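Below sits a lone chain in structure tokens, taken as the form predicted on its own.
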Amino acid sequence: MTSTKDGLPHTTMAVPETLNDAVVRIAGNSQDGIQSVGAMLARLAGRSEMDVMTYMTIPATISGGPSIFQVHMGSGRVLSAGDAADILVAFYQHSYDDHLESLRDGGVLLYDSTNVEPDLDALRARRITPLPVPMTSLTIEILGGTGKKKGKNIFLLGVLAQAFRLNMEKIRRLLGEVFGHKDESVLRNALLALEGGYAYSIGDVASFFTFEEPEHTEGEVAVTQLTMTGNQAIAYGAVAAGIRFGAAYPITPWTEVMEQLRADLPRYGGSFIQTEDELAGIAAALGAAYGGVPSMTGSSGPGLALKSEAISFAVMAEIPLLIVDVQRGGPSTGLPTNVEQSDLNLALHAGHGDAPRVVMAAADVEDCFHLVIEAVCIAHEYSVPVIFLSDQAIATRIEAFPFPDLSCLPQLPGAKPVSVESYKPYPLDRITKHLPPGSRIADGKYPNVTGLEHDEFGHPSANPRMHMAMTAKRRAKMEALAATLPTPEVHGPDSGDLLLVGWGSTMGVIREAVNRAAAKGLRYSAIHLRHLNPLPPGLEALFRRFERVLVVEMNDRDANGCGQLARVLRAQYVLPHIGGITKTDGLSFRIGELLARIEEATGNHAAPAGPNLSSAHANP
């Protein structure tokens, strides 16, 4: 045993010289800047050629409350935000009490000894190293009392920089980016707090947190990485795709996307407006899209529900539009700051009549960037509204990914009027392509755009045969698109006992579960669906190669144990061996939790079952 400056003991750790990855969970109150320090730690990891993924919970109340920010970073591939933490930072007694269970046996408890009194005997029994640091009192001392409790998150960043041997110069630059636009005293105090935390001795514990150096072949140039949230990636992807107009109403957790676009679109000759409500948002975006300007709108579940009538209009008028839905818990206003994947039914079917639309879902932060570009291209190639699904977990987490190739960005049609001899906006033998308003049509047969059923020139028509033909035309676009989609790649064996199907933010956890099961000799495989309507070809044949198919998703089950996507797949392919694993606790799946749920559903043992906090079920 050794002791720290304030006389509290911590154990000496027998640890490896280097680590491939580590999970840090910071627990406190949202008012303490938990998210800020976690985000800075994640961005620093990304700028240091490390892979990183984060997870956060924030209270839904304006006054704030208990919150966590978890960072999984490493020199190897990071697929999830991690399960058990290697180091738990506890700012308060409730942080310690509520989250000690999340710390793995043999891990490190770094706690604010100003506020926390841990049970040292309990820590000793689990071989946990206690690391007391009086963060609150030292921060007040460093800042001369002027900062009060503010700044202890930056003090913590200094401690973590020491523990992980992070590049302090990069951290100083990062602080300059974050606080440089504020009063100079803010940046000065931040730097003082950082240096104070870095100078505070944590003894031999620092030797534990040394990462392996990223591997580079001889002559290889280090890859430039971007580090951002899923919401930011959606915004940047939209700009890269050629979106130049947007209109929407703010709602958690979508708002960050529109705020990013409001700042960025003017730099590229575009604009984003905040409208008075959700209906006005999609109506304005549809007007701009018809005018030839690539456009988008967005919201979360409650707002998407309000937009449903206009989505039907977009289908009938065949106007290309990107509609982003950053899902949160529901129904009604539900869980604004928690994750759920319960908007799929809404995305697939919102609207009246037969109104086919494209539905896509991003798998991670990098996917948000690239898939939004694909969504915009599909919208304009097929003249359809495309609903792009993200969720709170992807929206708020931070990941690092290689700088994308921007040399092959799409060239979308512009709004400049043209001259043509004749023009039919809704020809039955090809896909609709609207001319920008003001275009000259020599034969004088100018088109009409309406939400009524219409003939090939857009003139309202109640002719039964015309309605059948136009309905088939709109359906045919989905069939044509489906034929171009790739069959998802299988992660694991091409056939076997179990296939896990995921969509949205579950991809990384599912793949880690498959990898862990493989180490136990179990033949599990996984696919991830990005195209949800239309579905890609080859799925039925793929499903038949496995004894069981379980769809992993964060929404509620039906009587057969199936969630929303599982019900779609069972209905589409009429395969009774398709089942589901669902959860509705507002939290992302953890690897151990998922493996325990698979064992419950199949009887196969892949890993010890961890504590299950979900209100979830699997079909028998």
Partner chain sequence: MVHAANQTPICAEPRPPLTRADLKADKPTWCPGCGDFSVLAIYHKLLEKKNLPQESIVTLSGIGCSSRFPYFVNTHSVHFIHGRILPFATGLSLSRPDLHPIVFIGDGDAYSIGGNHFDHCARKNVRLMVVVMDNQVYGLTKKQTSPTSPVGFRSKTDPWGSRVAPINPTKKLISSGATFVARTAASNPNHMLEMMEAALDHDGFSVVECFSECVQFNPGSFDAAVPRKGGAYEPVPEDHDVTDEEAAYALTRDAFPGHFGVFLKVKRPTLNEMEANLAENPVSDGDPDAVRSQLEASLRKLT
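Positions refer to the first chain, counted from 1. Each form is matched to the other, and the largest set of C-alpha atoms that superpose within 1.5 Å is called the rigid core. Quantities reported herein were computed from a predicted structural model and do not represent experimental measurements.
The form predicted in complex with its partner chain is left out here; the points below concern that form.
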- [ ] Would you check whether its partner chain, in the model of the complex, lies within 4.5 angstroms of a non-hydrogen atom from each of Thr487, Trp503 and Ile527?
- [x] no
Task: Contact test in the model of the complex: Pro447 vs its partner chain, heavy atoms, 4.5 Å - done: yes
Open item on the list: Although the partner isn't part of this model, could you tell me whether Met258 comes within 4.5 Å of its partner chain in the model of the complex, counting any heavy atom of the residue?
Closed with: yes
Open item on the list: Just checking whether Pro536 would be counted as a contact of its partner chain in the model of the complex - the rule being heavy atoms within 4.5 angstroms.
Closed with: no
TODO: Report whether the minimum heavy atom distance between Pro417 and its partner chain in the model of the complex is within 4.5 Å.
DONE: yes
Open item on the list: To test your reading of this chain, name the stretch in 488 to 496, 120 to 128, 158 to 166, 265 to 273 whose heavy atoms come within 4.5 Å of its partner chain in the model of the complex.
Closed with: 265 to 273
- [ ] Tell me, out of Ala518, Ile431, Ala482, Leu409, which residue has a non-hydrogen atom within 4.5 angstroms of its partner chain in the model of the complex.
- [x] Leu409
TODO: State the residue from Gly203, Gly76, Pro437, Pro427 whose non-hydrogen atoms include one within 4.5 Å of its partner chain in the model of the complex.
DONE: Pro437
- [ ] At a 4.5 angstroms cut-off on non-hydrogen atoms, which residues of 281 to 295 are near its partner chain in the model of the complex? List them in order.
- [x] Ala283, Ala284, Leu286, Gly287, Ala288, Tyr290, Gly291, Val293
TODO: Compare the position of the CA of Ser30 between the shown form and the other one after a rigid core fit and state whether the shift reaches 2 Å.
DONE: yes
Task: Core fit, then Lys170 C-alpha moves 2 Å or more between the shown form and the other one - done: yes
